[in-house]
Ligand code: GLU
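Quick setup: one chain, the form predicted alone, written in structure tokens, and binding and motion questions come after.
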């Protein structure tokens, strides 16, 4: 019966999608990969407010950015089509909960790997390395490096590792904590705060919206490895996703996604690209 089911699944897959990289029967029964393949849809937790990484285009409704395109590559592997995907807006405070409750299959949302988070979710190996940096108004001459943030009003997001680093390295900075980074922009432009500090790709996305009014300080500090989050303890899924990331790095797909998203902002891949 198992053989019959596998044959029927192959026929159905060929009829609908051509199967792509995820041939029916390739995944062991009971695994997350098999369930996603059978469902035909990968559900991805992603941010909707981060240009260049995860951004919902207000005109088309399409989710764009580096994380979105990596997610589509994963969906193609698991479902046979890049269209076999559903994006769910996932804010930093929701990531662990959405995975634990099965709201999403994976979280691909500038998700830094930390020991504390590993106690609640399982991570892949890093698929991207980010540096923390500072975004200020274009006319700001008082902030030229991290130590200049002492005594200044700095915006960052709740549940982020960026806030923890700021508290440790510049303890006299006056932090404004928001739910999403896009909430920092109006405050920066109105001069209610002096700077925004978080991972450089997030800041580049914000900068891309107002390139004449803002500037990136460009003196990074700290490093953030981004991983794909899955439900805690799912070692089989992690192993499969790790193999995919390695393949994307080897066959040029990672570089293509980078150049078509973050690379368009002038960023270079040298520091961001994982070594495999």
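Because the structure is a prediction, the values reported are computed rather than measured. Residue numbers count along the first chain shown, from 1.
There is also a form predicted together with this ligand; it is not shown, and the following applies to it.
Contact check for 92, 111 and 159: all three have a heavy atom within 4.5 Å of this ligand in the predicted bound form. Proximity of residue 237 to this ligand in the predicted bound form falls outside the 4.5 Å heavy atom cutoff. Heavy atoms of residue 226 reach within 4.5 Å of this ligand in the predicted bound form, making it an interface residue. Of the heavy atoms in residue 98, none are within 4.5 Å of this ligand in the predicted bound form. For the chain shown alone, residue 133 is not a contact residue for this ligand in the predicted bound form, no non-hydrogen atom being within 4.5 angstroms.
Comment: this ligand is not present in this chain, but in the predicted bound form one of 137, 152, 117, 72 has a heavy atom within 4.5 Å of it, namely 117.
Residue in contact with this ligand in the predicted bound form (any heavy atom within 4.5 Å), chosen from 77, 105, 199, 194: 199. Note that among 138-146, 80-88, 184-192, 161-169, the stretch whose heavy atoms approach this ligand to within 4.5 Å in the predicted bound form is 161-169.
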